[in-house]
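The chain below stands alone and is given as structure tokens, in the form predicted on its own.
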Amino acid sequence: MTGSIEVELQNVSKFYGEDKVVDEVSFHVNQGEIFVLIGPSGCGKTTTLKMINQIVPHTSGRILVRGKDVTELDTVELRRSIGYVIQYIGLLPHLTIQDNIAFVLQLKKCPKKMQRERAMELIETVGLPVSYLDRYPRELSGGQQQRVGVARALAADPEILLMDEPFGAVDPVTREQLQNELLRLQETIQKTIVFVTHDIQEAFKMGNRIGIMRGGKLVTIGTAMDIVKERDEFIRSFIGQGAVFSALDTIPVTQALLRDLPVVKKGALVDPADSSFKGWEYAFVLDDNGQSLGYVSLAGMEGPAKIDPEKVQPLPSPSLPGDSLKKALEEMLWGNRGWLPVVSGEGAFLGIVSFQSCASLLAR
């Protein structure tokens, strides 16, 4: 992430009497970044989150939002300018879904037509039908209510979202759907998100960077792969032995992509003795538009020969550039294959990813 800094904490502490629940915490969150705070129960992560919009005032240090000290801003306006999503949603049961989504817009006295239009836009954005706007929260499932909670947080189009264990109260399947939906949404809306969770898999999946807290202190900050390489005993114990496999979910398949492949055009003459084919079992056949027609085995070819269309084998189901290394490895294991093709969204052949290329990447 290279955007400007949207949120910054400088040596921030919080005392309740003599009890120091947040201890000299410093970090920044870049524009368009998902920054995850994680740690054991009682470590201070939720208190840290709430200090950003001053639901909990900090005792010492400085908190800057878009470069301005929060203590110098109007507290009500600060909170209305920052979206806030909590675990148990907090929808108002006596209001329709439309009025719940548009609640902040009502407080800002926006015209009713604008409120309706914004609610219609957002209900579809979070993957629910417009007809749900006239329902009440009790008529929706927990996962659907959580989607409404996200829509409500987005209603005033805030630049910053605070999310406190937003998917912690739903079942694992719904939780994964909501995680995927938020990541899909983030590709479009590019909000700056501070996300609190107690689940390391969720942290690795959602966070561009992750901050681990313990006893009110920020122990470390880094990407998922940075975290799994930590030698600190607490961190290794906290994330667990299988954390590296969760971290694979954060690496795009393109990082292990092999591009320098033996590629031939349909009807071309293939000479297996050519140096470009050395060490390869296959040659990949493309049409004039760069779309893959399949691959041919180089084994048994004794000399230059034109490609026999009947010997061109179709490619296995490809990966897309946005797929994770974990997904690609699973596909290779399930399909009993040593490699997978990778194609663009338009179907152009980009290369392959293999067990060997994945291992080489991880070794680096």
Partner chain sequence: MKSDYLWIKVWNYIVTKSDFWISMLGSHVKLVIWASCIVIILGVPIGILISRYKSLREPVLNVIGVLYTIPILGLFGFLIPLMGIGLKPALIALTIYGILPVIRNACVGIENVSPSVKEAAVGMGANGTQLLFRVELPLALPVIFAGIRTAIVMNFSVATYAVFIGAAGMGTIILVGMRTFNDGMLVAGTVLLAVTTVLLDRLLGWLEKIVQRKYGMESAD
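These numbers were taken from a predicted model, which means no experiment stands behind them. Residue numbers count along the first chain shown, from 1.
The same protein also has a form predicted together with its partner chain, omitted here; what follows describes it.
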What stretch, of 307 to 315, 329 to 337, 51 to 59, 25 to 33, brings heavy atoms to within 4.5 Å of its partner chain in the model of the complex? 51 to 59
So in the model of the complex, is its partner chain close enough to Leu178 to count as touching (4.5 Å, heavy atoms)? no
Spell out, yes or no, whether the shortest heavy atom distance between Ala243 and its partner chain in the model of the complex is within 4.5 Å. no
is_contact(Leu107, its partner chain) in the model of the complex, heavy atom dist at most 4.5 Å: yes
Can any non-hydrogen atom of Arg147 be found within 4.5 angstroms of its partner chain in the model of the complex? no
Considering Ala268, Val173, Val76, Val130, which brings a non-hydrogen atom within 4.5 Å of its partner chain in the model of the complex? Val76
Answer key, its partner chain contact in the model of the complex at 4.5 Å (heavy atoms) among Arg135, Arg80, Arg116, Arg214: the residue is Arg80
